[in-house]
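Encoded as structure tokens, the following chain is the form predicted on its own, with no partner shown.
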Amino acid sequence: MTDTQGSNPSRRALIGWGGAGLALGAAVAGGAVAVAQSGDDRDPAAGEAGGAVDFHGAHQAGIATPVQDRLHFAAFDVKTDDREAFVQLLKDWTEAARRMTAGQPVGEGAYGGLPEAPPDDTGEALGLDPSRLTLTIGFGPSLFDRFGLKDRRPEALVDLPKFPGDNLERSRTGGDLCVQACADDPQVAVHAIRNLARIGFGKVAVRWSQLGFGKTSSTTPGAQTPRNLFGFKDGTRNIAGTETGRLDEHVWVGAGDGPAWMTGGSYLVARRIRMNIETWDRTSLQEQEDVFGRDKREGAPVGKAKEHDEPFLKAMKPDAHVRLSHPDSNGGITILRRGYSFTDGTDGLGRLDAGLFFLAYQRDVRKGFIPLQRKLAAHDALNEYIQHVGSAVFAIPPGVRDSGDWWGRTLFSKEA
């Protein structure tokens, strides 16, 4: 809430389901599928045609990629002490991710195999477009206590401190691994996490997961800024996927920042933020606008007319969220936000269990999220209406460069 190339056929085309499949199987029919050309490409037109975002690239897709509409995020615990078995899992996961993001079924598919054996794919995404699915993997601090990796843990991968007001639930915190699945179709995202969990059975287990809808930030220049569940525009000043200079400065790990295996990667902070919806809904409009430092209609900063007008921070109340989180108030601290709204039913007391699943990518957690959150946790007027109940931090390795590469190779391979 703070301020590879070429087209791939859809699942429907792969199994030959009539005209829709033929239209999307552009290479055969002579049509065209709008496909994002690399993991960090910014072409939003891919989503309009149910296109695919290429899995390969210098950086993992799902970070600077245009933000999709839906999320399924999962944190995993590692259950094996066998390094070779774990490395093989990463390779198997990579191949499955490569196929699913291209709109193809996992392995031999959901049917047609041995009747006596479970199918390779669970099948619920058959006939669906790729829906711009991206899969992004990360390694938690606890993973480096295994497999002889202690001396390879980056200094920037720190355990987050306890911030004032935190009420973290153990069941929604931490994890050895994470996989972020983003797509424009929720079933495609859920299918991806389900199949990775199935492939990992016996080696990893889901620790916790979160479904998200209604993106609360955009990485696409000129796109309408989305709104959070409080009704305010969120992510007005977010880094755009086309801003390569800002991405290099604030998001991507550079050579010399730490261990070489992380060069081209990033660091992710995930926070489950519960919103006190009922209290907020009984708060006056003036107070709501004072809390954020922006007006609710346009998203304009106090005293300005338009959302993207440069804010005059001193015109805002000292504890206004925008004033406290703005880079000018924090020595230029800038993070890339990629959050989603969530609703998970009610809490048993008639209140919505709803809020923001906050995802923030940065070059160094120690210089990004931690100092920023320390200030917000201590002074932000928004704290009256929110509470952080889940938390995790992950090192996001660089992208899978080609068909011979795999997730985590730079960390685990003997050559690396």
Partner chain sequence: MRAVRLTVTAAVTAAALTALSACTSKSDAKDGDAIRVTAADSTCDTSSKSVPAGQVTLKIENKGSRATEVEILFPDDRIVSEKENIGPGTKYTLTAEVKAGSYEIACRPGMKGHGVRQKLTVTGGGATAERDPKLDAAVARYRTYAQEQADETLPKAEAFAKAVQDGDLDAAKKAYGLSRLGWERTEPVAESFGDIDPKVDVREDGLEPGQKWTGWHRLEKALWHDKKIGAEEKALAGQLVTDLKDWQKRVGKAEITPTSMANGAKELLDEVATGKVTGEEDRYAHTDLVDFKGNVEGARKAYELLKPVAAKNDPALTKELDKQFAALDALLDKYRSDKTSYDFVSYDKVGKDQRKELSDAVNALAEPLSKLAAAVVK
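Source: prediction; values computed, not measured. Numbering follows the first chain given and starts at 1.
Same protein, other form: the form predicted together with the partner chain, not shown, and the subject of what follows.
Practice task
Consider the chain as shown here, without its partner, and state which of 115, 256, 318, 245 has a heavy atom within 4.5 Å of the partner chain in the model of the complex.
Solution key: Filtering the options by heavy-atom distance leaves 115.
Practice task
Check each of 146, 79, 91, 308 and return the one that places a heavy atom within 4.5 angstroms of the partner chain in the model of the complex.
Solution key: So the residue touching the partner chain in the model of the complex, by this definition, is 79.
Handout entry: Contact label in the model of the complex: residue 331 to the partner chain, heavy atom within 4.5 Å
Key = Residue-level check for residue 331: no, no contact with the partner chain.
Practice task
Look up in the model of the complex whether residue 153 has a non-hydrogen atom within 4.5 angstroms of the partner chain, and give yes or no.
Solution key: Contact check for residue 153: no, nothing within 4.5 Å of the partner chain in the model of the complex.
Handout entry: in the model of the complex, residue 297 touching the partner chain (heavy atom, 4.5 Å)
Key = Outside the cut-off, so no.
Practice task
Report yes if any heavy atom of residue 285 sits within 4.5 Å of a heavy atom of the partner chain in the model of the complex; otherwise report no.
Solution key: Heavy-atom contact with the partner chain at 4.5 Å: absent for residue 285.
Handout entry: Stretch in contact in the model of the complex with the partner chain, which is absent here, among 115-123, 177-185, 237-245, 275-283 (heavy atoms within 4.5 Å)
Key = Correct option: 115-123.
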